[in-house]
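Okay, so here's just one chain, in structure tokens, the form predicted on its own.
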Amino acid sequence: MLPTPIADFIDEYCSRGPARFHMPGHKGRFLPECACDVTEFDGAGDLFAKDGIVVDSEAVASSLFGCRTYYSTEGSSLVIRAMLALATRDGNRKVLAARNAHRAFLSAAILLDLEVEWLCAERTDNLLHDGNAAEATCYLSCPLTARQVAAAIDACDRPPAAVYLTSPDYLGGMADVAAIARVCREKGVLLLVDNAHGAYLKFLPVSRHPIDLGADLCADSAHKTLPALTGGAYLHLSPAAASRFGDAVKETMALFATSSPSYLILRSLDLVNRYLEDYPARLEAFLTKTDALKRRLTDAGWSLPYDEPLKLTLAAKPYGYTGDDMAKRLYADDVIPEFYDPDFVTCMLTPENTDEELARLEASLAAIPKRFPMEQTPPPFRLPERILSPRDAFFSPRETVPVEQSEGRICASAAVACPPAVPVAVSGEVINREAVLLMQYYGFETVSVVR
């Protein structure tokens, strides 16, 4: 059985019934979970220290993931900022990034004054009605090819510090990380992957984890697909990246992190290590069930356009509904999806979902009668012109205007919906007509612009 040094320390501490004259102010009372909510004191370690029980637990996680692994109690958002700070620490601030980046990427670009070159999908038509995920694109999905990444690197006036991908994306689209990693390696460019939705990919029968596919740095949210508490995340480094960045990793993470990390989250990350001992077999058995569920839904006429194993994303309009209408029907049955928008409903699955819950989801969907397909698709996306850097735009005087009055204005603060917090308009860009139509389509009412 794998060791759990953080959980063991906290459990032993609580069992003694000590007089707590340290933070937090609840003193182990107030709520049941407060008993295990401690702070840094002798023996408890420190998230960013070079030794102690946290480091010991991270070593266990590293053995499970097969690479150097660090903990975050502030989600992948902290990890993304740290990855970018590490990648650009030599002064080269140019980063090529897939356009469907989470707003945590944009906040890092603002804080680090990055020079971002956006990469968009080669095809911009929205084939949402034939279930062809390889061709379908929207602002949440950005299927890049290795050839496209190679061409973008070659077109730069100087080599970028890194290429940045989001895979899996919010809908369940997955990039060809292995092919893109080969390109980056050949050209001497780091590959960073926001794998927030894919911590479990390491434990498939054949790993599809970005580090195993050749990425240099990778962010995983343990709380999204593994049973860690919300905020638990990992930073993974390839052997080459671990050798290159060495002791700078924790120091860099600490730049963006609270000095009071949650020990409830750390304890959960520690216990997840033991959970992962037999997880591959449990995951494989669960995927047998979910694959069968997906086949039955497809046979019943549903379009499932994306292929991430633990996401079930339904294209609603081919079935005759908007995603919003379909989500209302699920909510009426107390079946709560992760996300919906005018076109899609996304459900996130894990082995912690019971057979009864899977049956409830299937029954709720089966009760929705198929109707004539809806033809409306999202407006096409055209990359806006950049006038200011993200940093300069964000720190400029600003005002909030209705979306319909924003065309031609410079975006000050990213226009995002959360979830999934992927910007339609990015700080420093001139909001074009296509961006206005997209924001209206997705329900944005106002946007922050440079005054």
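Throughout, we count residues from 1 along the sequence that is shown. What you see is a predicted model; the values in this text were computed from it and never measured.
What follows is about the form predicted in complex with a small molecule, which we do not show.
Sole residue of 194, 216, 343, 270 within 4.5 Å of the small molecule in the model of the complex, by heavy atom: The residue from 194, 216, 343, 270 that makes the contact is 194.
Candidate from 262, 303, 290, 221 lying within 4.5 Å of the small molecule in the model of the complex - any heavy atom: Exactly one residue meets the criterion: 221.
Heavy atom distance at most 4.5 Å to the small molecule in the model of the complex, all of 88, 252 and 256: None of them does, since no heavy atom lies within 4.5 Å of the partner.
Per-stretch contact check against the small molecule in the model of the complex, the hit in 353-361, 319-327, 201-209, 165-173 (non-hydrogen atom, 4.5 angstroms): The contacting stretch here is 165-173.
Contact of residue 77 with the small molecule in the model of the complex (heavy atom, 4.5 Å): Although the small molecule is absent here, residue 77 would touch it in the model of the complex, with heavy atoms inside 4.5 Å.
4.5 Å heavy atom contact, residue 102 to the small molecule in the model of the complex: Yes, residue 102 is a contact residue.
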